[in-house]
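There is one chain below, alone, in C-alpha cells, taken in the form predicted alone.
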C-alpha cells in the first residue's frame, strides 16, 4: 500500500488480563517456556524464542480475565497519523498511547474497530536479543513467535469489509453458509505472508477467542501436552492435538488459570503471491475445523474473552451474532 494509506505489517502483540500475575507467569513462563523480557508490579512482558522485539505477549493484573488489546506493527511512524485520520473520518474512537504506558513501545494508536475490538497500532519497539540459536535456553514446547488472534464478532461481513477495505487485509480462507446467496460466516485475513494475522468468526462479540503462537513442529505440540500433564495441569488442555482443515495447521488449545485461551500452532503454509485465490469452506463441512482429531468441546464454541473499551478500560458487553445458524455437525 502506498500514498496516504497506512502500511500494516503484521500482528505484533496481545495483552491478556489476569487476576493472579504469579499464577499466570508460572503457567506461561515456567511451563510453556515464554521468554520473560521484564516485569513490574502490574505487568509481565513476554516474547517467543525467535522474536527481536521487547514483547509479543503481555500479562496484566486486572480484577477479571479478558483481553486489553491486540496490536499490529506498521511500517513507518507517520502511518500512525494516517490511521488516526482514517479512523476519525469513519467515526471510530481512538486514543494515543504514550508516556511509557506500555514498556518498550513507542507512541501507539489504539482504536475501537468496527466490531468493537480494541486494536492498537505501533511502529517503534525496543529491540532485544533473540534466542533463536540459544538452544541451551529453550524451555517448554519451544514457542517461537506470535502468529494470530481469532475473534468472535456479531457481524462478520461488516468486520470483513472494514479490515479489507479500510486496513488493507487480504483473505486466505473463508467459510460460508450453504444458502443462496451464501452468507459469510468466518474469514481468515492476513498482512504477513501466511494464513492469517486475524480470524473473524461469527459469534457473540466482540470477544477474543484466542491468540495463536507458532511452535516449530508437531513434536512441539505434543511436548506441550506432555509437560502440562506431567505438571498436573492436564486440565489446561481444552482441545487437541489435531489438525485444522482451514490453515492446515497442527494445533492444541490451552486455557490458563483465568480461562484465557491460547493456541499452539504449527505447519500452516506460505502465501507469497498477491493474486492468491481464497479457499472456500462450507459451514457444514466438519473438516474445516477438524481435519482430524476429537470433536471440539462445547466450551471451545461458546466461551471467549471479553475485551476492553479503549476509553475507560471497562469490559464491553457483547452482543448476539446476526447469523444464528449452527453447523450441521455441532449439537
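Numbering follows the first chain given and starts at 1. For clarity, every value in this text was computed on a predicted model and none was experimentally measured.
Beyond what is shown, the protein has a form predicted together with another copy of the chain; the following relates to that form.
**Q** Would you please decide whether residue 279 lies within 4.5 angstroms of another copy of the chain in the model of the complex, comparing each non-hydrogen atom pair?
**A** Heavy-atom contact with another copy of the chain at 4.5 Å: present for residue 279.
**Q** Just checking whether residue 179 would be counted as a contact of another copy of the chain in the model of the complex - the rule being heavy atoms within 4.5 angstroms.
**A** No, residue 179 stays farther than 4.5 Å from another copy of the chain in the model of the complex.
**Q** Any of the heavy atoms of residue 303 lying within 4.5 Å of another copy of the chain in the model of the complex?
**A** No, no contact at 4.5 Å.
**Q** Consider residue 89 of the chain shown here, and say whether it contacts another copy of the chain in the model of the complex, taking contact as heavy atoms within 4.5 Å.
**A** Answer no; every heavy atom of residue 89 is more than 4.5 Å from another copy of the chain in the model of the complex.
**Q** Thinking of 52, 135 and 193 as one candidate spot, does another copy of the chain come within 4.5 Å of a heavy atom in every one of them in the model of the complex?
**A** Every listed residue reaches another copy of the chain in the model of the complex, so yes.
**Q** Could you tell me which stretch in 90-98, 150-158, 254-262, 226-234 has residues with non-hydrogen atoms within 4.5 Å of another copy of the chain in the model of the complex?
**A** Contact criterion met by 226-234 only.
**Q** Could you tell me which one of 210, 244, 110, 207 places a heavy atom within 4.5 Å of another copy of the chain in the model of the complex?
**A** Contact with another copy of the chain in the model of the complex is made by 244 alone.
**Q** Can you list, in sequence order, the residues from 106-125 that come within 4.5 Å of another copy of the chain in the model of the complex, counting heavy atoms only?
**A** Sequence-ordered list has one entry, 123.
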